[in-house]
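A single chain, nothing else alongside it, follows as structure tokens in the form predicted alone.
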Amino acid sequence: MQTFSYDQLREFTYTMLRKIGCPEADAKIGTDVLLSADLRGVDSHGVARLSGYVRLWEKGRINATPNVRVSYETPSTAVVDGDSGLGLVVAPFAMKVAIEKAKNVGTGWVSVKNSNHYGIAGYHAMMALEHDMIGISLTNASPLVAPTFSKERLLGTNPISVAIPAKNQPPFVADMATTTAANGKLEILQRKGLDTPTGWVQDKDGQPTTSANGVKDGGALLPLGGDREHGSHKGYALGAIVDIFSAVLSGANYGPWVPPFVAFLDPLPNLVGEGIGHFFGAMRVDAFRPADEFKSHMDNWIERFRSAETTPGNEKVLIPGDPERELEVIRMKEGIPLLDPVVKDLTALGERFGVKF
């Protein structure tokens, strides 16, 4: 494990995105999205993913200079065509469209097609906070998840993020996969040589396994809940909702047709849409009640939950977003730790492009 400053990783990431042809503004926003994951402790979606994006670009599956545009719209809705661009760039563009529509008519809803992996869902949802809006961010992803009762991988980890502003308290920021664990957590366990907890993965025969390589060996991630008895049908339903909102609604690929993130696997033939899909919402708080009044009540909500009596051995009740926010402060000050395999990967990536890591 080695630790790097935010500025070191920011400079390297920005330079690499420029090397593959991203315009200056796109490289900056893409870097911000990736580094926000590392700061917030979502290590699987930060700079550890950088070489994956570069490999997709080398395969011609990512367009470094996309013409991201609105292809259809009404006063409160839009479809954005990402032109095969980096999802790190396409998603903020689409969220801005949602925010502008919310400014005009109260709410904005944007579905996206022809995009790629967009980093952490929370980054995009949180864009709404500074406008006194509630932000919603969804995306579908590579099919690694078996629906309840199935051996087939038909859904992605399909995260949901909702960001809600408060007044004096920090905002409420939920950011979660609809699987028991995100695939990135498996990747981290693989690098550490550790097993998974029970309920994360099933093997190729549909039987429970704790192997961190279970998905690589033909198995599947499990929906939130793990199995039917613990509510996996609910996780399956949530993942399906994300897939439909993100892709069936926009014209992106859905279900098993979503293109894989890894460059060594080609997309399936006879695709049903264009690229990966996302979905964004922005809701002006004052479209419902005065913003200050709402935010004061959010403070009250948060303070009451923080003061809840805890179970033995636990110090406090957390509000969604607390761990990430606290870690962001620490890592900005003390640096961002990277596992040795990630350092090795980024070093090799830099050497290929003449950039020192």
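Remember, it's a predicted structure, so these values are computed and weren't measured experimentally. Think of the rigid core as the biggest set of C-alphas that the two forms share within 1.5 Å after superposition. Note that residue numbering follows the sequence shown and begins at 1.
Below, we turn to the form predicted in complex with another copy of the chain, even though it does not appear here.
Within 4.5 Å of another copy of the chain in the predicted complex, do Y14, V89 and A125 each have at least one heavy atom? Not a single residue of the candidate spot has a heavy atom within 4.5 Å of another copy of the chain in the predicted complex.
Since exactly one of K151, K167, H131, K192 fits, which has a heavy atom within 4.5 Å of another copy of the chain in the predicted complex? Residue within 4.5 Å of the partner: K151.
Among T209, S84, T107, S142, which has at least one heavy atom within 4.5 Å of another copy of the chain in the predicted complex? Exactly one listed residue reaches within 4.5 Å, namely T107.
Does the 4.5 Å heavy atom contact test between F261 and another copy of the chain in the predicted complex come out positive? No.
Examine N114 and determine whether its closest non-hydrogen atom to another copy of the chain in the predicted complex is within 4.5 angstroms. No.
Taking another copy of the chain as it sits in the predicted complex, is Y118 in contact with it (heavy atom to heavy atom, 4.5 Å or less)? Looking in the predicted complex, residue contacts with another copy of the chain do not include Y118, since no heavy atom lies within 4.5 Å.
Given that another copy of the chain is not shown alongside this chain, does G184 nevertheless sit within 4.5 Å of it in the predicted complex, heavy atom to heavy atom? No.
So which bits of 311-339 sit within 4.5 Å of another copy of the chain in the predicted complex, heavy atoms only? Residues within 4.5 Å: T311, P312, N314, K316, V317, L318, I319, P320.
Exceeds or equals 2 Å, Cα of R284 between this form and the one not shown, core fit: It does not reach a 2 Å shift.
Honestly, after the rigid core fit, is K185 moving at least 2 Å at Cα between this form and the one not shown? Comparing forms between this form and the one not shown, the K185 CA shifts at least 2 Å.
Determine whether the C-alpha of T148 shifts by 2 Å or more between this form and the one not shown once the rigid core is superposed. No, the C-alpha moves less than 2 Å.
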